[in-house]
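Taking the form predicted alone, here's one chain by itself in structure tokens.
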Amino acid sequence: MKIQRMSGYTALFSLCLMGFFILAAPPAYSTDTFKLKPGAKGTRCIKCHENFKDVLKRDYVHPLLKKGECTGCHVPHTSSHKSLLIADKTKLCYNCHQDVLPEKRRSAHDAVVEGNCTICHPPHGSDNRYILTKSGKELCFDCHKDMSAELSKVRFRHRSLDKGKGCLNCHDPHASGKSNFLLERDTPSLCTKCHQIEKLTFRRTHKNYPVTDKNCISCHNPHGSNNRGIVFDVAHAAVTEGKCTECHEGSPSLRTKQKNTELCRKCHSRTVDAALDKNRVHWPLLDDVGCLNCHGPHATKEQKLLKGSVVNVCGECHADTVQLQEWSIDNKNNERLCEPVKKGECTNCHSPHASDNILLFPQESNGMGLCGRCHEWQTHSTHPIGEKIIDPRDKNLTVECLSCHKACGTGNNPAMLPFSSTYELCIQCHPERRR
């Protein structure tokens, strides 16, 4: 018999093809490889696992269990995974539910990304639709307790929370390909599903200004607030009093009467003038956007109409410093981290608008000035400090708190030091002490 030799390329192709079929083939336990007796894929399981008889009586049962196909998720003999699962529990559901987490998405639920499906869905059955552990917003509030607490205190709640699908009227529980925050779509198209913008009452409420293509949540808290119309709790007086023409030209123009800081100066002249009189002015005050770099013009959740928390607003420009703060907070060696750094309160040490001092410090940067407001430095060190003590590393500088400590955190170093130990710090100025 003549044996035909395969070329190198043919042999390689054959091996790859064999590998493909091996990888693509379904797992052996989901076929009849084990020659299971009739009903052994599920029905026989119930004979031992009697508690599942009650599960089968629930209103919503996992389709595989309902069909008696336990081997769709469990190996009948042995497994490397808990509960004899055919795959790790964080990946198992995606074998069938691949569309839950689309590749092109703008936001995704953390639990879904991590594969923790059982946080919301019991794997076998439930009395709630979609096999959920709880129904409606109560399920969401199990994790989002801060939102639940906030809504329990406000006077006006968004009505969509208490009707229909609750939170899911606006949010997709798994992922959104169209918007951030798991929203089904961006505003205002999301809002106009319920709010009829062509109605006379809508136009009157908004003073006939053309807001139908604007971002609704620049004024309204989408969940609830203490102001009518669920306007954010911290609202510009001109907004709550309906005095839109204080800043805007008359309807239907949304154009402001003046630009940048000059517009705000009309009412806040004392603050603006005091800032511009300083030697160093925070640059956002002087560009074309002005105050609105940091403040919302209408309403926000934060005090003083800040667009977000202090650390988040500052982090828009100073991302590297905020990252350093986060590293320092997470480090166990940094138990003595400065409180403003821990809490992200940048304005405790920096003036947000202007200052006569470097780095917008509200007062001179030395132990008895800025740091001395909170720290009695002599209680932990007797190192000479002050205007008469010259820093040997730079004859133009004097020794102060920031000569040895980094004000915004130091990542992996203790006590806000620039080095990992006091020894390494000290020999920078005292090389003769090097051991």
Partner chain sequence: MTKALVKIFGMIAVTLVSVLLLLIPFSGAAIKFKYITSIYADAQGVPLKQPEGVACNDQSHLVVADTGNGRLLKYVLKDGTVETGTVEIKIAQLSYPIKAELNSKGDVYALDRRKRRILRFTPEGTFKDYVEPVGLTSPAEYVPRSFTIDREDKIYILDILSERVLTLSPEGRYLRHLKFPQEYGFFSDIAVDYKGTVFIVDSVKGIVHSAAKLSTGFSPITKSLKEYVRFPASLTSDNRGRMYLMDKNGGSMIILGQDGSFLGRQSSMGWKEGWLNYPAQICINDKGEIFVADTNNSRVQIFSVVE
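Bear in mind the structure is a predicted one, so any value in this text is a computation, not a measurement. Residue numbers count along the first chain shown, from 1.
One more form of this protein exists, namely the form predicted together with its partner chain; it is left out here, but the text below deals with it.
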Decide yes or no: are Tyr60, Ser135 and Asn226 jointly within 4.5 Å of its partner chain in the predicted complex, with each residue judged by its heavy atoms? no
Testing 107 to 115, 149 to 157, 318 to 326, 232 to 240 against its partner chain in the predicted complex with a 4.5 Å heavy atom criterion leaves exactly one stretch, namely 318 to 326
Counting any non-hydrogen atom inside 4.5 Å, which residue from Leu36, Leu56, Cys374, Leu397 sits next to its partner chain in the predicted complex? Leu397
Between Lys343, Lys278, Arg203, Lys257, only one gets a heavy atom within 4.5 angstroms of its partner chain in the predicted complex; which residue is that? Lys278
If you check in the predicted complex, is Phe419 within 4.5 Å of its partner chain, heavy atoms only? yes
Distance check, Asp288 to its partner chain in the predicted complex, heavy atom within 4.5 Å: yes
For Asp127, is any heavy atom within 4.5 Å of its partner chain in the predicted complex, or not? no
With the cut-off set at 4.5 Å between non-hydrogen atoms, does Leu402 touch its partner chain in the predicted complex? yes
